[in-house]
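First comes one chain, alone, set out as structure tokens in the form predicted on its own.
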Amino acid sequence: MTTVIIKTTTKFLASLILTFGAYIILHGHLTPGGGFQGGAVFASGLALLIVANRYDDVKRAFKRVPLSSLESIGALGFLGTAALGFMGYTFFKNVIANSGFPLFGEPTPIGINPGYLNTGGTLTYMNIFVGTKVLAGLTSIILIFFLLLGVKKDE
């Protein structure tokens, strides 16, 4: 059932859920959460959009979204980031942290601090790739069930 109230509420809530999912993915090295949790939250926002819209609109919108490619990019990016550790002689070594690399490589301040987003090193990249894989995978599952059930009419 897609009423005006559901569509309007969904647009508002989905944008908040998607933003919160991106926040969890990016702050995974500073707060509880990370790539998997953020990707699941992000996918729940997309699931809300899928369920609240019409069959034809969903089919048309997701026809252009390469979910399987995003899932592959997430997996390969995660392994590639882990392989960067071989530069430090260990698989999964955080070689970017405290290196001065401009993005996520700033040195961590000594002592008690609130946590800085730009100090995660490879952890932040891994969270982004895991989040991409999880959101693409979970959204694919939900989309397949929605399309297989074939809810074409508004009830």
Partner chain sequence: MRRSLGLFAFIGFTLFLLAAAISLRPFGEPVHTEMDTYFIQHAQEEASANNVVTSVVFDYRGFDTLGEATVLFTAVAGVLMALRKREVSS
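Given the structure is predicted, the values throughout are model-derived calculations rather than measurements. Numbering follows the first chain given and starts at 1.
Omitted from view is the form predicted in complex with the partner chain, to which the following refers.
- Here the marked residues P114, L123 and F145 all reach the partner chain in the model of the complex, each with a heavy atom within 4.5 angstroms.
- Although the partner is absent here, V130 lies within 4.5 Å of the partner chain in the model of the complex, judged by heavy atoms.
- For the chain shown alone, L13 is not a contact residue for the partner chain in the model of the complex, no non-hydrogen atom being within 4.5 angstroms.
- At the 4.5 Å threshold, heavy atoms of L79 reach the partner chain in the model of the complex.
- Shown alone here, G28 lies within 4.5 Å of the partner chain in the model of the complex, counting heavy atoms only.
- Contact residues in stretch 56 to 95 (any heavy atom within 4.5 Å of the partner chain, taken in the model of the complex) are E71, F78, L79, F91, F92, N94.
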